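The form predicted alone is given below as one chain in structure tokens.
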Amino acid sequence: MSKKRKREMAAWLFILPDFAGVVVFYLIPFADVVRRSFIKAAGNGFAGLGNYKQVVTNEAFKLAVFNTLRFVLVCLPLLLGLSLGIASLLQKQKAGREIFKSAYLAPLAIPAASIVLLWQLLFDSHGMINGILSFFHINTMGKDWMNTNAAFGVLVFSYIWKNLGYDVVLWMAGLSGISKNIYEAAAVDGAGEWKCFIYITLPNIRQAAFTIVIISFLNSFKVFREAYLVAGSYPHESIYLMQHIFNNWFSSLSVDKMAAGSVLLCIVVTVFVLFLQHSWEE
């Protein structure tokens, strides 16, 4: 056996355990989910596209899709813009940079249950927000903020606060790969900071941006934990997300609808990722 062949065999042997884990714990279970999406929950008869029709015509599913889409469209631009701006400022600031990075990463170390407790202290009908407003003679009449339209804003703030530091560090990693000589040459030619940012910074962090956008998009689905812990399975309709309806279908053992909904969600996420990948490659 040649040396090249031996190296290829060694490479496959290293990859095999991880690949086997992906197949056993991800691909095979997902294949079973796809199979179940075409089977009736009662009787195990073939349902065709019936389960998918039930899902797309379900009013709760439509509400969850709308809220999830609105949440992503609001949060992603805010998070990406804020984190890139802060990262650009920190990249120029040498003194105390590590302290700031640690401070921004601190929210990641805080458990979701602790965040929920803070929400309850602030936004409960007897919480601090109402107490502060009452101090300034603003009567909110014991308003429970998490059961109003304000709950969506709280959820958006929580997501950005939780993920801002992580994105800042990722942006800084991308920015650190840009040679300072390029900026110095541009400054000699009379380019200002804004032009340097548009024509030098953005093109050179294109690859890093793809990874950060995908990670931020996937992290937006994890905000369900906070919403569920603070408001339960049926929160205010403004924060009723996709994860809520999947959790409720799981509780009621609606395996057929849950499987069909999961396949639809997987298709949407896959199309979104492929679209971004195609856009980045152009």
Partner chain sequence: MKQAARILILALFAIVAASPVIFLLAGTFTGSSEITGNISAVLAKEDGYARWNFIPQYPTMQNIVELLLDAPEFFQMFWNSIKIVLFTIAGQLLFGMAAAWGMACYNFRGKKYIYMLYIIMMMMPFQVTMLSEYLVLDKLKLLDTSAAVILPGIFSTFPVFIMYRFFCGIPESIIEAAKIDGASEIQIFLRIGIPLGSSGIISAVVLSFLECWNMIEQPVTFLESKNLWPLSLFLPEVNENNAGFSLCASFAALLPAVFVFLAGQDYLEQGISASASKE
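These numbers come from a predicted model, not from an experiment. Positions refer to the first chain, counted from 1. By rigid core we mean the largest C-alpha set that fits within 1.5 Å across both forms.
Below, we refer to the form predicted together with its partner chain, which is not included among the displayed structures.
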Full three-residue contact with its partner chain in the model of the complex, heavy atom 4.5 Å, for 66, 155 and 201: no
Residue 29: touches its partner chain in the model of the complex, heavy atom cutoff 4.5 angstroms: yes
is_contact(residue 243, its partner chain) in the model of the complex, heavy atom dist at most 4.5 Å: yes
Residue contact check: residue 229 to its partner chain in the model of the complex, 4.5 Å heavy atom: yes
Its partner chain contact at residue 39 in the model of the complex, heavy atom, 4.5 Å: no
Residues in 61-83 with any heavy atom within 4.5 Å of its partner chain in the model of the complex: 82
Residue shift check between this form and the one not shown, rigid core fit, residue 9 Cα at least 2 Å: yes
Flag for residue 266, CA shift 2 Å or larger between this form and the one not shown after aligning core: no
